[in-house]
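One chain follows as structure tokens, the form predicted on its own.
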């Protein structure tokens, strides 16, 4: 019986890898823009046609590549970011796997133009389905220009399952937002079918957030800034009254890289406990800085899931930091975190003398409804007169003769007048000073 296990051809292996790395046109945009950032680009221009199905063109002014590097970049696991396994624990670059360009070239028509500043001419490489068609010198600007055409042309099953252009474009915009927010020092321009969607100039973090999501978000942002020995946190959170019914403005970044982290999201939500309207989500843009050795970003091919060595401590720090920022802006009742001086609490001194409590004179027989004589200068109250005390003991006598027994048929207008006079006399006797003096 012959052997049945054999090595896969490179083209097939690249297509399998592309299924993990390149899921849709937005994945191509993400990988190539991240490569531009690693190349030191300060300006990145993105042209999209038909939501990336027809064309994805990305131009940057980075360092460019030599002819040899340009060819090697399309090989699997070829990278300039790491050289040993230990480098995986101190990664500062966006890309490091060396799978992006090989995966893209396996499922699309790729054209690369690149030139270094010190070179007189650049390099042109044309690859279709992992097969190199052309490699020759070419005139081009310094930097790199990628043109990705007819994505998934040789994998019709993958192309058939792509969503509508509006959905795919929305995914591309999300990827641009996740890259643009932590990099306000990079100018980014996005075109779709020759219509400009974004033109993000170089600015600061707050202005970049406003440029991406609109001016209406500016007045609702609360700054967050906290430095600890474990992690540094800075960014912005939204006021509770501006919370939205749908998610979409919740962002975590660690060392400039976007990540999804449900555990840390819960820390933020619990900081807003009893402050949000029902079924609403606050906006937050939190930028975390920590030691690269304490995180593992090599968890998922898309590098959006990151493991932390001390995630419980970071959870507490995020929760306390967000809660403190809300308190500083009087969103929740809190102490004054900005007070400069210490509060001096007096400490009782030991004394050999006995502590004498003040003597307050009281009158247990005091009745507020009785008229009383002015108090003496010594503060003591005068005792009630005997007539007042007698009236209190026999108060029933005040109503003697006030009750009349009349039959309904004998009651007329004159009787009513007499009875009224009788009641009036009783009331006068009750309220008069006859009984109280």
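The structure displayed is predicted, hence computed values, not measured ones. Numbering follows the first chain given and starts at 1.
Keep in mind that the form predicted together with a small molecule is not shown, yet the notes after this line are about it.
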| Among 210, 78, 140, 197, which has at least one heavy atom within 4.5 Å of the small molecule in the model of the complex? | 78
| field | Contact residue in the model of the complex, chosen from 224, 179, 100, 190 - any heavy atom within 4.5 Å of the small molecule | value | 100
| field | Within 4.5 Å of the small molecule in the model of the complex, all of 35, 64 and 146 (non-hydrogen atom) | value | yes
| note | Among 100-108, 228-236, 319-327, 118-126, the stretch whose residues bring a heavy atom within 4.5 Å of the small molecule in the model of the complex is 100-108
| Is there a heavy atom of residue 254 no more than 4.5 Å from a heavy atom of the small molecule in the model of the complex? | no
| task | Indicate whether residue 95 is a 4.5 Å heavy atom neighbour of the small molecule in the model of the complex. | result | yes
| message | Taking the small molecule as it sits in the model of the complex, is residue 55 near enough to touch it, meaning that at least one heavy atom pair lies within 4.5 angstroms? | response | no
| With a 4.5 Å heavy atom cut-off, would you call residue 73 a contact of the small molecule in the model of the complex? | yes
